[in-house]
Ligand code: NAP
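Only one chain is shown below, in structure tokens, and it's the form predicted alone.
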Amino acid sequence: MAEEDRRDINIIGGGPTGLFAAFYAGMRGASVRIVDSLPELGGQLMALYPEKYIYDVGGFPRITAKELAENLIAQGTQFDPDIRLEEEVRDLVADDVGFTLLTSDGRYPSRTVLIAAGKGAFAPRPLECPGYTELLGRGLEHHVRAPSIYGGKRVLIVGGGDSAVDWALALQHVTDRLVLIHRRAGFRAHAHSMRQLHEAVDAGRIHLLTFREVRAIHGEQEVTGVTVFDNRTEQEDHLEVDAVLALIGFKPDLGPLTRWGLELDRNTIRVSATMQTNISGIFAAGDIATYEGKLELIATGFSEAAIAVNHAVHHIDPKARVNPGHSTNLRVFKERERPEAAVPRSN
């Protein structure tokens, strides 16, 4: 890529934190590029639980993850960032001006880098059984792309966390038959969700089987059934199903980030109060960043994105103010406002 296309900030990650960082950078007049391995912006909001309600984002008493993502995308792209999707980050190389990000498809130079990659690359936990590899994407999925896909189908959900329980509740009125299995009696879901689950089970809308695991997934071109077993007795049962949702979590994987010389704390990157890593010019924000007192919330990620961007701008130009002031007073927005048309007075 030509040197003239060097951006002020390369943002790794197109989720909530990365999108808000792109907006804030544009507000500060900084040029931005967003790089993400997923096929669409929105991160986990779109990829994992688009229909799930979120309650702890300022200004929204209740909003679905998809709606929040759409709002963030509209906000984050209004200053026309360069967007590179479905590109896997391979390496980061320092140069005389800043850094060059190497991906599966290109080389992207920038003056600074902001890592907003959530928990790293998505690495879904697999079902260790025959048929898993062959039928993945053919009725076997790790997340719900759209509830309507499962309309009138026989669906098996595997898992015992919030994602499995929430999707069982969301799909109970969509599917023809819905079975939820979990390998033990205890669940890791919210108490309110569990109350709703038991109500749905009592009403016959969801069939719940505990101490069950998948032994095999059957089908040639697509899923047609599964073999499940009781892990206490080894007794097997065959279930005819049209789809399997393996909602058993994701393994955090920082991938190539572990080779960049960053100070790591398990699967997170240690940052200072300015969100800068131990490498000058590289910042981190969102779930991937850690410091004393850290809270892993979307709202926290927004604040960290603003801090990181402001200090990245100051890093690029030491004369630039770190604190830009309130957005209502910024020229970039005042220039967008059109003066009200003069209305002639009647005599």
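Just so it is clear, the model here is predicted, and its values are computed rather than measured. Just so we're on the same page, rigid core means the largest C-alpha set that superposes within 1.5 Å between forms. Each residue number is its position in the shown sequence, starting from 1.
Keep in mind that the form predicted in complex with this ligand is not shown, yet the notes after this line are about it.
- Every residue in the set Leu48, Ser163 and His182 has a non-hydrogen atom no more than 4.5 Å from this ligand in the predicted bound form.
- Among the residues Gly120, Gly131, Gly98, Gly159, the one placing a heavy atom within 4.5 Å of this ligand in the predicted bound form is Gly159.
- Interface residue among Arg125, Arg90, Arg195, Arg232 relative to this ligand in the predicted bound form, by the heavy atom within 4.5 Å criterion: Arg125.
- This ligand is not shown here, but in the predicted bound form it comes within 4.5 Å of a heavy atom of His190.
- Proximity of Lys52 to this ligand in the predicted bound form: non-hydrogen atoms within 4.5 Å are present.
- Residue contact with this ligand in the predicted bound form: Pro147 places no heavy atom within 4.5 Å of it.
- Taking the partner from the other structure, this ligand in the predicted bound form has no heavy atom within 4.5 Å of any heavy atom of Ala216.
- Just one listed stretch, out of 221-229, 109-117, 259-267, 163-171, contacts this ligand in the predicted bound form at the 4.5 Å heavy atom level, and that stretch is 163-171.
- In the predicted bound form, this ligand lies within 4.5 angstroms of at least one heavy atom of each of the following residues of 239-255: Leu247, Ile248, Gly249, Phe250, in sequence order.
- Relative to the superposed core, Gly261 undergoes a Cα shift smaller than 2 Å between this form and the one not shown.
- Once both forms are overlaid on the rigid core, the distance between the two CA positions of Gly106 between this form and the one not shown is under 2 angstroms.
- The Cα position of His143 differs by 2 Å or more between this form and the one not shown after fitting on the rigid core.
- The pair Met46 and Ala189 approaches in the predicted bound form: their C-alpha atoms are at least 3 Å nearer to each other than in the form depicted.
- In the predicted bound form, the CA atoms of Val158 and Ile63 move farther apart by at least 3 angstroms compared with the shown structure.
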